[in-house]
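The chain below stands alone and is given in structure tokens; this is the form predicted on its own.
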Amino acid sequence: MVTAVYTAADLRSRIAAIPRVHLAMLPTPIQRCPNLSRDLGVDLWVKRDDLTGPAFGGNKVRNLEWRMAEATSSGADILVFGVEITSNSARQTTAAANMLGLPLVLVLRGTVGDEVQGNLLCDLILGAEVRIVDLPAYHDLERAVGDVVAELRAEGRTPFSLNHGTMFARAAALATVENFLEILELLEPHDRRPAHIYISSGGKGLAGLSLTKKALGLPVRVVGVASTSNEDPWQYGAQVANDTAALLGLPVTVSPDEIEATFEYIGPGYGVPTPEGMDAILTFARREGILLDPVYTGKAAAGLLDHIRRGMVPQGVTVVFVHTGGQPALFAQSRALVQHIGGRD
């Protein structure tokens, strides 16, 4: 069976039909890395989705354009969102809520350390109502968010749970569909086409890239480097890709075996810096002046660098690394980074 092939213009017109609000500064630029390209023997580019704008930017601002459109159309007068305490998404969601004039309750799983730093500090500066919950697993947040929603309804409010919106996963995939199209458009004047695209993703963002690859019929290898094992990126990624295809009216199906993901670079756990990830941070910083983070992009870059050095990425090909943001985590993990630098330099 031959997969239907669509054009970039067709995908853009389908995306344009989905309600959204304006939050991000798009398109984000693409930056060639001449020093690392020479070092590694590939043609390396970084898609700077850390430069989307609000509150230090990041890839979540892009998908919030659709998620917030759903929230505002519901008639909500307050938003509720549950994530990990270190979450970049919490910071960007708070900024988006501020831009739209909506109060937000953040339900954050984790514990506060001796010093408030990184994304949590940003959440407080931005003015979110923060509720810290000590829960055994990420998936327990669903119940905690539900409790806050029920509490607000009992007070006569009209809350909207961003965790339970129909656009929660689909918007993340839509964001990377659009980002893939930007990559193609921005590389075209340089007479380049990506042969490999790497992204920090455990499913949703990877889904959009995989869907675009198939819809456009492109021979591109798309790799998601997971930062957590909370989800099965193969099954979940395929499900989200297919849900997003249906939303776009695309008769395209992505199967789990068409999703390429790896858990190899997570290390001891989510949010725990790895030596390889910190090495990757220093490599990109010192060779190209690009700052990555120790939770997501540093580990994804470690996967990319390892794959290139092991020959899993052929020499000479064009490679795009999607920088999803997250730099405030550098400050939250300053002790580990300083120790790593001291042991290396």
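Just count from 1 along the sequence shown to find any residue number. Every value quoted in this text rests on a predicted model; they were computed, and no experiment measured them.
There is another form of the same protein, the form predicted together with a small molecule; it is not shown, and what comes next is about it.
Looking at residue 172, you'd find a heavy atom of it within 4.5 angstroms of the small molecule in the predicted complex. Contact check for residue 118: every heavy atom lies farther than 4.5 Å from the small molecule in the predicted complex. At the 4.5 Å threshold, heavy atoms of residue 60 reach the small molecule in the predicted complex.
Not displayed here, the small molecule is kept clear of residue 212 by more than 4.5 Å at the level of heavy atoms in the predicted complex. Of the listed positions (284, 45, 66, 296), a single one reaches within 4.5 angstroms of the small molecule by any non-hydrogen atom in the predicted complex, namely 296. Only one segment in the set 97 to 105, 196 to 204, 261 to 269, 122 to 130 has residues whose heavy atoms sit within 4.5 Å of the small molecule in the predicted complex; it is 196 to 204.
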